[in-house]
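Below, in structure tokens: the form predicted on its own, a single chain.
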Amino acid sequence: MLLQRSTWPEVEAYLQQSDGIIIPIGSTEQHGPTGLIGTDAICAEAIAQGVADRTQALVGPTINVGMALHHLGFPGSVSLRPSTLLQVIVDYLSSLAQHGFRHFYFINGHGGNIATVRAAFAEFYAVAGDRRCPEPDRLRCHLANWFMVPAVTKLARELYGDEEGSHATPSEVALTQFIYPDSIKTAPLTVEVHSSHAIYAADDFRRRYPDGRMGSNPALATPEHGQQFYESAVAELSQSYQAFLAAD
């Protein structure tokens, strides 16, 4: 059930049964020569909908633009500053909390969002009372990074070993290939790709990672692998979401 494809009476009826909502969050950034720029949001949204189908949950609108300042050296990348993303999340949650939502389960597809999302949760708890959110002490937020799910990381090691890397990875590229088989991209890839440099400003990132990859070999990706990653992530996160609702 998607919030944006529901009517307000349907949402009101949903709230009689559950106060939980799943919120996909990703990024719009380069993913190497063969990765879709929307990879992080595409993956988070698809997995969120899969979890919702299993758990009868409501899915909120995807936050498609995240904190990706270090990717701005590549055409097509779009980023919010951490302070902007924090306020977007706080406003998003405050709006839903005013209607009676209490459990906010974020499914994230971008590592660069993690610190800001966690800071946004703390800010939300601090200002919820001032934002007219009823019973602010009952609000709960959880961040789940699909690419860090144990079943996913285990599968990535088995399929790709050290060639999984940490950005423009074959696992995330495979997932997009499964979701959008008509949008599979190919391009020549160099054998050697840097993997260990720290991340600083955008120009420095482009200089150290010229084609955008970080230690990865996305040429190994297949749609069949993507289906495996999808099913593994959905199964594990469905259990996590249900445990999150029950823990309060």
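Numbering starts at 1 and runs along the sequence shown. None of the values given here were measured: they were computed from a predicted structure.
The form predicted in complex with another copy of the chain is left out here; the points below concern that form.
Participant: Applying a 4.5 Å heavy atom distance criterion, does S6 contact another copy of the chain in the predicted bound form?
Facilitator: Taking the distances in the predicted bound form, the answer for S6 is yes, it comes within 4.5 Å of another copy of the chain.
Participant: Is Q98 close enough to touch another copy of the chain in the predicted bound form, meaning at least one heavy atom pair within 4.5 Å?
Facilitator: Output for Q98 is yes: heavy atoms within 4.5 Å of another copy of the chain.
Participant: Spell out, yes or no, whether the shortest heavy atom distance between P75 and another copy of the chain in the predicted bound form is within 4.5 Å.
Facilitator: Taking the distances in the predicted bound form, the answer for P75 is yes, it comes within 4.5 Å of another copy of the chain.
Participant: Taking another copy of the chain as it sits in the predicted bound form, is Y160 near enough to touch it, meaning that at least one heavy atom pair lies within 4.5 angstroms?
Facilitator: Result no; Y160 lies far from another copy of the chain in the predicted bound form.
Participant: Which of these residues, A52, I199, V193, L220, gets a heavy atom within 4.5 Å of another copy of the chain in the predicted bound form?
Facilitator: For this set of options, the contacting one is I199.
Participant: Is another copy of the chain in the predicted bound form close enough to M148, T169 and L237 that every residue in that trio has a heavy atom within 4.5 angstroms of it?
Facilitator: Per the other structure, none of M148, T169 and L237 touch another copy of the chain.
Participant: In the predicted bound form, which residues of 226-248 put a heavy atom within 4.5 Å of another copy of the chain?
Facilitator: Going through 226-248 in order - heavy atoms within 4.5 Å of another copy of the chain in the predicted bound form - the hits are F244, D248.
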